[in-house]
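What follows is a single chain, given as structure tokens, in the form predicted on its own.
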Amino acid sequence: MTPVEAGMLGQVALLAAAVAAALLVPARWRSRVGGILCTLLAAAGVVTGVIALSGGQGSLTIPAALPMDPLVLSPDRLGGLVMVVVSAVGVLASLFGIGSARVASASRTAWASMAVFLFGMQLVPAATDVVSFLLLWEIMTLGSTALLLAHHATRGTVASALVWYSAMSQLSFFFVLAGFAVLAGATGDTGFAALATLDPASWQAGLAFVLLLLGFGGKAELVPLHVWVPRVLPEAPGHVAAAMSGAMVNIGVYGALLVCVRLLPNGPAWWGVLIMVLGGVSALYGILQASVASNLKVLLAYSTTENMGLVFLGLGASVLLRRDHATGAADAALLAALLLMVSHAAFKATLFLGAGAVARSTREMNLDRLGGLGGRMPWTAGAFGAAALGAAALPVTSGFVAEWMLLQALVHGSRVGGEVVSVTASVAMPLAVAVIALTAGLALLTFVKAYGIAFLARPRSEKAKQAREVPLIMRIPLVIGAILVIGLGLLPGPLAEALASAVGPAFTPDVRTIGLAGVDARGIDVVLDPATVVAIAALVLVPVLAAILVSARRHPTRVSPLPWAGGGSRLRPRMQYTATSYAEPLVRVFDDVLRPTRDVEVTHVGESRYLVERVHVEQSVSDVIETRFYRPVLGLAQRFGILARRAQNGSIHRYLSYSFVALLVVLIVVSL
């Protein structure tokens, strides 16, 4: 038995143990036992993935109950990489869940579903055929659905979120199923090795590509299939949201990589253009919605759409540039997409765990009612701050490394080796650079708002004033996540070499690691020198921090009120920016895209028309795609359903007439 086979068998055994513990262990110990077993299950996935990524081989054969070929699980290097990423997030989420799970989150259903969810995610990348892939995909989806269903009894809003998530998940599954069906029909086999023999230039390959891109894009939260995201993730507990946003979306990325790198490589140019359009629109729309959101979890959810859009932007650029034989730029763009995937898993899991810690301590996610948490929750504030730096792509985090490499690939993509590529690539690359520049600026504003208003401002509610740091078992995964965000940014060379080995042997020899200095990918110099960046950052930050410390010693905080208020009164919460007021300039600039609604209520003093006692201003920004597309479609379907009721009036004579007409139609069709 090879180590890979032993690792997959270990995951099966740990799944059975975790489900049994969730069902049988008393409530007092359920979270500890279930969390430990889920942590071990995810750790087994990390070990198995590392072995597969390093070149280890092995297969696990599962006999099928139906008259069909047995299911075979055998992760390759790319599957091993994704298994490592999703399993590492699973370790952090499971550890955090031991301390955060309460009431519904600590129920039998919740912990059993958590184990099933992790198991499905970890083994999807090990599938070698369509049937096993779809089976594990559905196990992952059902596990996450049951996790949300466990909270149905405690919060009524979960029901609406669950309906949207189930509908969009099954729509994605339908697209994936249809895409694989087209490939299987064209090749006569369901194995991935057989599907890879199809000519990418054929119409079957083009149709399958579009269907699979829609299916995997829905799981990766791409626009317009993202509408479940701002509903589901805010309702999920912190550790569940971290697993869904930090790990599950990467399964959608893996599906797209599977199609573009393994099954149908060297696709036509329009494939790359389509991927880039979906990625660019998703990145812009996601960060716009995140920048104006006042709910912390909604902000992070839309930020995931932005990050996944950048991943697909890099993947699309790779497909387009490879078609133009700009191999160096194509490899750099693909490597950037993998770096974005890995870095997103690190900082987004940490951000959602931090949001879960804030929710546990304050029972509040509205940024307008938070504030002052930095002094009350220093560990959470530090970890959330490090992850926010990564989400804003600032040095020296993994997010900066990934976006910098993507920018380098796009900048060099329009002209490689002195030769100009196609007109399509020459137009697409500058537009992609503009998209990244705009999203980077908006991301910085977004996370300055999220961190500054929640952790640095004065508390705006009693819940925020009474906040306390979370227990040690919850702080451990927060600190580990923050270390990963910074550590991956300090090791771009070794990380890039490991990621390059996952996408094929032809790429690996051309990736050269120069200490910590960076990567040279087939003639494209992508300089990533963290040592220099750290030195520059230290030269800037050390004097600033020294000035702050000296000023704090010379001018200690005044605890007594000033004798006069003329410009020197102490800062009060009402004098600070709120999340809504901070985002007001952006709302005005992008008014036509965001379509905000404002409600102003003025209360006058007594019967006076001129003296105002109170002004209440409320502003909300809804999802334009939901309100302008999905709502009208759902309304049309509902009206059709109401009309269809008239055909079912309880008359046996009418039902017999329907049957007779149907029989005539069938006979006519058969005779023709």
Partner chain sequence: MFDTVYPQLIGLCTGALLLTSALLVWRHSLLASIRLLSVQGFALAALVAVIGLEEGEAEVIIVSVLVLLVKGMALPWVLAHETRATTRTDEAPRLNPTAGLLTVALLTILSYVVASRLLSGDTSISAHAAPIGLAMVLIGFLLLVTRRQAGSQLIGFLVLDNGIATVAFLTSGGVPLFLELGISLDVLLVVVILYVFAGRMRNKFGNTDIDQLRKLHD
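Model, not experiment: these values are computed from the prediction. Throughout, rigid core stands for the largest set of C-alpha atoms superposing within 1.5 Å between the two forms. Residue numbers count along the first chain shown, from 1.
This protein has a second form, the form predicted in complex with the partner chain, left out of what is shown; the following refers to that one.
Student: Is there a heavy atom of R645 lying 4.5 Å or less from a heavy atom of the partner chain in the predicted bound form?
Tutor: Yes, R645 sits close enough to the partner chain in the predicted bound form that at least one of its heavy atoms falls within 4.5 Å.
Student: May I ask you to check whether M1 falls inside a 4.5 Å heavy atom distance of the partner chain in the predicted bound form?
Tutor: So M1 does not count as contacting the partner chain.
Student: Can you tell me whether L663 touches the partner chain? I mean in the predicted bound form, with a 4.5 angstroms heavy atom cut-off.
Tutor: The answer is yes: L663 has a heavy atom within 4.5 Å of the partner chain.
Student: Taking the shortest heavy atom distance, is L656 within 4.5 Å of the partner chain in the predicted bound form?
Tutor: Looking in the predicted bound form, residue contacts with the partner chain include L656, since a heavy atom lies within 4.5 Å.
Student: For the stretch 446-483, which residues lie within 4.5 Å of the partner chain in the predicted bound form by non-hydrogen atom distance?
Tutor: None of them.
Student: Note yes or no: does the Cα of L24 move by 2 Å or more between the shown form and the other one after the core is superposed?
Tutor: No, shifts by less than 2 Å.
Student: Fitting the rigid core first, would the Cα of A13 be found 2 Å or more away between the shown form and the other one?
Tutor: Not so; A13 is displaced by less than 2 Å.
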